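Let's start with one chain on its own, the form predicted alone, as structure tokens.
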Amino acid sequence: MGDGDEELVRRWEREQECLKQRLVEEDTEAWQKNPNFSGLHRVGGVDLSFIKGDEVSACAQLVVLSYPDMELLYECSEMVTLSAPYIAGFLAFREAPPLLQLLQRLEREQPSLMPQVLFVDGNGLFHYREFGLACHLGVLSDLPCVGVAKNLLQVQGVAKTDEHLSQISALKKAGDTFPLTAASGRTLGQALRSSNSSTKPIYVSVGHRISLDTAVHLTHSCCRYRVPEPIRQADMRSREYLRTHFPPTSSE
């Protein structure tokens, strides 16, 4: 890491600390307090997909689905150029700006379709400094946000140990969970078995304006397969956009 990067990291750390002051880790909406999430009608999902071999050009994707039916209400795919470098622990500074722009465009053009909660393909509180992409995007958009990761971030004393693997094998049915507890003793998220057909859990953590329990129950209620439908749809549609507009060459 050069001097320029070190200066950038210091600036990002300060910015992250400022944003973290605004983070809300509890339920703020009436629908969150209802056992059936009555009053929740629109759930959003965001994702970025990259062209193979290109770390700068990506397709930023936003989808909004109806709840609880998971019917598509809105989608937007946009090619973006990521200008910030990738530095571990600061992914949000690279990925949040284009995703935020998609949300701002929706708010301008079709405000009635704004999601009431946003699922983010990445971590929230379950992060090196307890402020991952889902927290960053949540605070900047001021939307309730849930971070859902497909792979375990080995952070704050949480690791793929034998104990972790035995906890996974103890998840017998969809809806079963176990806590992701940091070395400090703080619970930063939950591993969730999201479907009976998949034995691999997903890792759910608070992004903003939602409690962990609500985040886990809501995530489970949005899963038809292993990954919650808003994120699955965003991922599928961004990949499809890249396949259509940037087909792989025959030499690949």
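Quick note: we count residues from 1 along the sequence shown, nothing fancier. Just so it is clear, the model here is predicted, and its values are computed rather than measured.
Form predicted together with the DNA: not shown, discussed below.
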4.5 Å heavy atom contact, L133 and the DNA in the model of the complex:
yes
Evaluate V139 for contact with the DNA in the model of the complex, applying a 4.5 angstroms cut-off between non-hydrogen atoms, and reply yes or no.
no
Although the DNA is absent from this view, report whether L153 comes within 4.5 Å of it in the model of the complex, heavy atoms only.
yes
I'd like to know whether S49 contacts the DNA in the model of the complex, with contact meaning heavy atoms within 4.5 angstroms.
yes
Based on heavy atom distances of 4.5 Å or less, which listed stretch (121-129, 101-109, 170-178, 70-78) is in contact with the DNA in the model of the complex?
121-129
